[in-house]
Ligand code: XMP
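Next comes just one chain, in structure tokens: the form predicted alone.
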């Protein structure tokens, strides 16, 4: 990802998020996604998929085709599936998404390591793919889970959940972490834990209120932008402006 960002001169990741379309409009949805990807390709380093497209287009149909197109453009492809189940299920989910061409996927540390995320990391390392851990999300209610204070059952030490997750990212050798751009103070705190060892991916720019400059100055490496671009009347111009502002902040 680091090399791709250098080659593309951009640290912007496009989140291909769209509003609900009726099933009979799947071809229209694919065309819209393809059109926006073509338009903004010069200004991004990667594309992130959520269930917004996987559900209507299919993992090995429309989504796999978009992955191929992204790779042909020199872009990385991330599946934001937030893996969050028992180990055997997580492993199978990872194998399917990696088989569909994804370079990395997101996973939820809440499920733990043994019979949790370990199988995902094992598959990822075998295939030389990535795992990005959710450390602090971008929405308003995130504090109810990721922001709670926890107590270590073995040591009795109290710590914040997201700080614990950042430490797990180091211990598990994650390829990245997610911290919402809407909480630059959390980005800064996580960055103090991770240093330069693990990059921070920050969603929430624009539509959710996250600011480019504050996120980058706090320690974010990559900015994830969705609706601000996908719902724009001119996606290419919007993506270029975001890219340019981000580059000026470096």
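Residue numbers count along the first chain shown, from 1. Being a predicted model, the structure only gives us computed values, none of them experimental.
The following text describes the form predicted in complex with this ligand, which does not appear among the structures shown.
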Within 4.5 Å of this ligand in the model of the complex, heavy atom basis, the matching stretch of 198 to 206, 57 to 65, 37 to 45, 22 to 30 is 198 to 206
Can you tell me if residue 90 lies within 4.5 angstroms of this ligand in the model of the complex, counting non-hydrogen atoms only?
no
Does any part of residue 224 reach within 4.5 Å of this ligand in the model of the complex? Heavy atoms only, please.
yes
Test of understanding: in the model of the complex, would residue 15 fall inside 4.5 Å of this ligand by heavy atoms?
yes
Is the gap between residue 80 and this ligand in the model of the complex 4.5 Å or less for some heavy atom pair?
yes
Counting only heavy atoms and a 4.5 Å cut-off, does this ligand in the model of the complex sit next to every one of 134, 138 and 178?
yes
Could you work out which of 69, 188, 52, 211 is the residue within 4.5 angstroms of this ligand in the model of the complex, going by heavy atoms?
52
